[in-house]
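As a starting point, one isolated chain is supplied in structure tokens, in the form predicted alone.
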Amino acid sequence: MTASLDALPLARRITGHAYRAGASLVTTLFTDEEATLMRYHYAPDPSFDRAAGWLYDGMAAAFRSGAARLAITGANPSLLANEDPDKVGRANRAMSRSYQPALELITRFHINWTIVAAATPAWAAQMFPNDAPDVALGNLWDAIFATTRIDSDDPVAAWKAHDANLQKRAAFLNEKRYAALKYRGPGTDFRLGLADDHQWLGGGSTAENGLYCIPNMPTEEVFSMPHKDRADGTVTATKPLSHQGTMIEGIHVRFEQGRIVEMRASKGQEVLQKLIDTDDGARRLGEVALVPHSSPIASSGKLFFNTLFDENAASHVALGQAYTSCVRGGEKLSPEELAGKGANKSLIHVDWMIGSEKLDIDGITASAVAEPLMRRGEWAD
């Protein structure tokens, strides 16, 4: 488990429940935001090209031995906003390279894993800047409980019903076998081809270890794998992207044959440029997800400044690494076979939101027939 020091109370609660559920050993790695800033203020410049490889090697070894992964999110969304974008980009690339062996085990569902949120003072202050700190923190907890269905009379039953609905949506799309999706909205005119033998997923999945897990809480998406070479047109983000402590706003990009050829952002452009320069795969898409505008996160009217939440307020795409599980039989395919299906490979996987109540999406059949899939941000059926 990973968590910030501000999430210590929740980490302790989870640890106790994990042991009562049968866990043999719970190992938690805590991060300290003050220590993170000290690195940017005092560390020698060459150190930003290094990462704790030994740590990530250990995580990968743990996953191969059957460990589960749980991340608690809730970091300060603006932690690195005033730091050198070059150092931020270099540190992120070094971390991504070191983390790749562990990330590959996650993206192909070799293990069961999930991400949950904890309200923290810095995050609460960002979301509720006009409230007193204790009030803001309480409001953020209320927002987390509402969007993760914890405030319902029977949260477990609510999650089972929600999971079943997402599975139904994914089954519908798998039956349709669309060759591509066509997006139209303000600043967006975009065609996205889907990977060969792609499959749609939503809600929970059974990992290779045979255990069922719901990776993200909250989750409102059904998602699949785009073909890395079949993205063409312009796309405009509808929400800011909070990435590694930096806010990136006003993203507008143009794709040709799967690759970003033009990019701009009204805020955080340097960080975005460093991000897409990570490797060739960072300029290509590894995930496509459909989310109705009526999702609880969108309906709340709140910007969470946290991708786990904001991606579930809108349809989105992700730059970088594809999920092996989004190809039929993908866990048995070699890297070369996956690439032949259209799977993207990268050191990064970063979601950004392109959906809104003004976005229309068509499913394009193999015979080039356009069928209404989403209208004004909602499912067309």
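Note that the structure is predicted; figures quoted are calculated from it, not measured. Throughout, we count residues from 1 along the sequence that is shown.
Another form exists, predicted in complex with a further copy of the same chain; not displayed. Remarks below refer to it.
*Asks:* In the predicted complex, which of 31-39, 311-319, 326-334, 342-350 comes within 4.5 Å of a further copy of the same chain (heavy atoms)?
*Replies:* Selected stretch: 31-39.
*Asks:* Check whether residue 8 has any heavy atom within 4.5 Å of a heavy atom of a further copy of the same chain in the predicted complex, and answer yes or no.
*Replies:* Contact with a further copy of the same chain, yes.
*Asks:* How about residue 367: is it within 4.5 Å of a further copy of the same chain in the predicted complex, going by heavy atoms?
*Replies:* Outside the cut-off, so no.
*Asks:* Taking a further copy of the same chain as it sits in the predicted complex, is residue 12 in contact with it (heavy atom to heavy atom, 4.5 Å or less)?
*Replies:* Residue 12: yes, in contact with a further copy of the same chain in the predicted complex.
*Asks:* So in the predicted complex, does any heavy atom of residue 338 sit within 4.5 Å of a further copy of the same chain?
*Replies:* The answer is no: residue 338 has no heavy atom within 4.5 Å of a further copy of the same chain.
*Asks:* Can all three of 24, 27 and 51 be found with a heavy atom no more than 4.5 Å from a further copy of the same chain in the predicted complex?
*Replies:* Answer is yes for this spot.
*Asks:* Taking only heavy atoms into account, state which residues of 42-80 are within 4.5 Å of a further copy of the same chain in the predicted complex, ordered by sequence.
*Replies:* The stretch 42-80, when checked against a further copy of the same chain in the predicted complex, contributes 42, 43, 44, 47, 50, 51, 52, 54, 55, 58, 59, 61, 62 at the 4.5 Å heavy-atom cut-off.
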